[in-house]
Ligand SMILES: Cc1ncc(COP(=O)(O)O)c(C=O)c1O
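One chain is shown next in structure tokens, namely the form predicted alone.
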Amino acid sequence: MKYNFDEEVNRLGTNSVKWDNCKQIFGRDDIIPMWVADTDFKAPGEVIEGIKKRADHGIFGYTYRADSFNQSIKSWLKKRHGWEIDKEWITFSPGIVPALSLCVNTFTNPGDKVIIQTPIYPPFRSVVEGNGRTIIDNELSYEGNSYHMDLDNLKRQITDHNGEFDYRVKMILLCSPHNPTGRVWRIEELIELGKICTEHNIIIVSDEIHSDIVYKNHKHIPIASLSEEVANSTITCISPSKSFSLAGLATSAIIIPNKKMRSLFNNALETSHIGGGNIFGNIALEEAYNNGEEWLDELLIYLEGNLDYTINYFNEKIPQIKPIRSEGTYLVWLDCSKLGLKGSELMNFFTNKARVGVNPGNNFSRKNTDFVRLNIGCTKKTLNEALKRIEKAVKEMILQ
């Protein structure tokens, strides 16, 4: 391989949320952090050089996004996902979670209902409830090895006691690929979901931040690419942050084909005064999308190797913990029900016995108290040490 993803980069002392906040988050600093969705790989050299070149100029005044910014996004989506968009559809947000919150506030009113599909990335819940909207929890169906959309139940959930559509249902926050389960949605699921939403004028806000991290035999399909009708009901949120180790640059692209919806979103962006972005984020996005494809292709090979190793390790050496095989993302959802631990007891096991920092399952769903999320976006050395620690802790618990 041309790129060395085995390189150990010391992130301590860089104000890294993942590494420097272990004491604050977990109560100790001798753990291996495998939690927040942030990789330990250096960004592509072209991105680093682009930022350095701009930094050498020495003046960092007010800036704007040139036409080349939108062109890089347009070209990337066509090349990687076969989705032909117009540059005029593209707008901006300083991160996808702010965009989700902005959409909830712009396109719904207090008391309206917003659909989420649990277990789900925690901000999906907080941007709904925190803004005074009501959640419809269309829980995913867990079949022991994978998760699937329960769209029959969704149809029931959006009707009132008279069997009529509940007009208060205004929006769905879709996570595609799905975090934390790693599902890459099939076209049949997306078509059916799109049909339900367009029939009832439900706006689809699709968080596709992990769309470039998809493994062999799976294909990410932007839901807005299905048809013009679905596109006109959809707001798609993308960013190079997860794929290219750029989360700290807070730069996301929001794609809104519907002109009226785009105008309302942009107006909310302007009145919130958060649309300016930053010089280095703009450069990083363009460099990643224009010149980072070879780097990303090799990263996917490396990550899938990590995934295979993780699945095999649990199956062979820690059968008490069942990994759900991810189809996309560098996150692995672990079913720990056979350990007989839930909630705080399970977190205590990982934190203080295994000394591995993970995300608790109940953050993603109040029902998933016996699950945790593991981040494998790290070097093989780090991953192997973390898995060894978990194996040792499980064996010690069994012997007690």
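From 1 onward, residues are counted along the sequence shown. Since the model is a prediction, treat every value here as computed from it, not as a measurement.
What comes next is about the form predicted in complex with this ligand, which does not appear here.
Contact with this ligand in the predicted bound form, judged as any non-hydrogen atom within 4.5 angstroms, is confined among 164 to 172, 209 to 217, 307 to 315, 139 to 147 to 209 to 217. Contact with this ligand in the predicted bound form, defined as a heavy atom within 4.5 Å, holds for exactly one of P222, G194, P257, P98, namely P98. Only one of A37, I51, L341, I31 comes within 4.5 Å of this ligand in the predicted bound form through a heavy atom, and that residue is A37. In the predicted bound form, this ligand sits beyond 4.5 Å of every heavy atom of T236. In the predicted bound form, Y289 stays away from this ligand, with no heavy atom inside 4.5 Å. Taking non-hydrogen atoms only, F244 never approaches this ligand to within 4.5 angstroms in the predicted bound form. Within this chain, N179 lines the site of this ligand in the predicted bound form, having a heavy atom no more than 4.5 Å away. Contacts to this ligand in the predicted bound form (heavy atom within 4.5 Å) from stretch 272 to 287: none.
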